[in-house]
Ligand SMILES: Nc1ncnc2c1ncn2[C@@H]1O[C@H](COP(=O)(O)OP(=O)(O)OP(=O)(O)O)[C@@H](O)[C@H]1O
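In structure tokens, one chain follows: the form predicted on its own.
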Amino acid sequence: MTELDIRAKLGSLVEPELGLAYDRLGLINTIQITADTIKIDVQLPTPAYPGRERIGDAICTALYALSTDRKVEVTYSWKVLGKETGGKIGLRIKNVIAVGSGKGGVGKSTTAASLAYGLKHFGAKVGLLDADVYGPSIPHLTGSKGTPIVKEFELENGQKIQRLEPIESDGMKILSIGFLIRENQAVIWRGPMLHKLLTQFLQETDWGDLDYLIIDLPPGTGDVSLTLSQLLGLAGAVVVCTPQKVALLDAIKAISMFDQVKIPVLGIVENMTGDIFGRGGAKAKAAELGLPFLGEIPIEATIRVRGDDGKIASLVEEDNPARPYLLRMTENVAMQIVKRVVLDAPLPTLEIL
């Protein structure tokens, strides 16, 4: 049995999450054949790949069906696929993901922070940008403090440039206007000021090499999303809402906004699922709109307590009732991006008339 035989046999297998052939996803990385062993390295398109063991089981079944007398060993590595969405303004970021909502109070910032730390938990390099200028809550949720400093860098051509250095908390780069103002200070700005700040937070910040940058948007349908669509080709947006109808009505407006500014919607997250707000409203609405449902997050006291204590990162690292829901939501978001990359879904640019 040769390597070509093995690749031909495995390439046509269908990956269970996306329904695409192994060849299409580039899953089979390296193959080593010895007298008694076949070693297959599977290169996953994201570290947040769910149920990777199913791929290993399918590989073993397929090769043993060839009547091989060699032992099959499957190992896993990963390389994040991305649209290199930060490249438009010189960022070395594979995927920029916006997290938005149609209204406030639905847990958008908590979801954004949980998504960022969920991706980091799986092994990705992640940054978190708080673009909610009027109500920045990321510093409190993450328990991060400090004042970003400006560093000077010298390019190869001798030109010197200045870049803002994000705050690092729990191994993640974080930036928010909350680091630059007093805790009780109100921000009273018009659109041009918001545009200037967001441009600085993206284009003039040293984010380094990232697999994912999560951006926590302001609630509603303001002009921050318009600025993002002009600056970047985003990998997509996650819409957060609660199950009740009034929240779903506003979520639909947020989805409409993303459509208008040419930001693809990755799907909907239902937050605060439970007896108080009900269950399943967002899932039903996602099906009605033909959008992916990215998961539900229960109305669980642990989430509120950890957020209040500035320990939102612990939700995905420690055993608690919310952990499996948050990690499954993270996996779903990551896989939606993979699907868009592999299928080469276009990322249209916004035309200003």
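Note that residue numbering follows the sequence shown and begins at 1. Here the structure is a predicted model, which is why all the values come from computation and not from measurement.
Here the subject shifts to the form predicted together with the ligand, a form of this protein not shown in this document.
Q: Work out which of the listed stretches, 100 to 108, 190 to 198, 246 to 254, 207 to 215, brings a heavy atom within 4.5 angstroms of the ligand in the predicted complex.
A: Contact criterion met by 100 to 108 only.
Q: Sort through Arg328, Lys39, Arg304, Arg52 and report the residue having a heavy atom within 4.5 Å of the ligand in the predicted complex.
A: When the ligand is considered in the predicted complex, the option within 4.5 Å is Arg304.
Q: Under a 4.5 angstroms heavy atom criterion, identify the one residue in Leu44, Val316, Ile299, Ala286 near the ligand in the predicted complex.
A: That would be Ile299.
Q: Verify the contact flag for Val96: yes if a non-hydrogen atom of it lies within 4.5 Å of a non-hydrogen atom of the ligand in the predicted complex, no if not.
A: Val96 lies outside the contact set for the ligand.
Q: Could you confirm whether Gly236 comes within 4.5 Å of the ligand in the predicted complex, counting heavy atoms only?
A: Although the ligand is absent here, Gly236 would stay clear of it in the predicted complex, with no heavy atoms inside 4.5 Å.
Q: Gly178 versus the ligand, in the predicted complex: is there a non-hydrogen atom within 4.5 Å?
A: Although the ligand is absent here, Gly178 would stay clear of it in the predicted complex, with no heavy atoms inside 4.5 Å.
Q: Under a 4.5 Å heavy atom criterion, is Pro219 part of the interface with the ligand in the predicted complex?
A: Heavy-atom contact with the ligand at 4.5 Å: present for Pro219.
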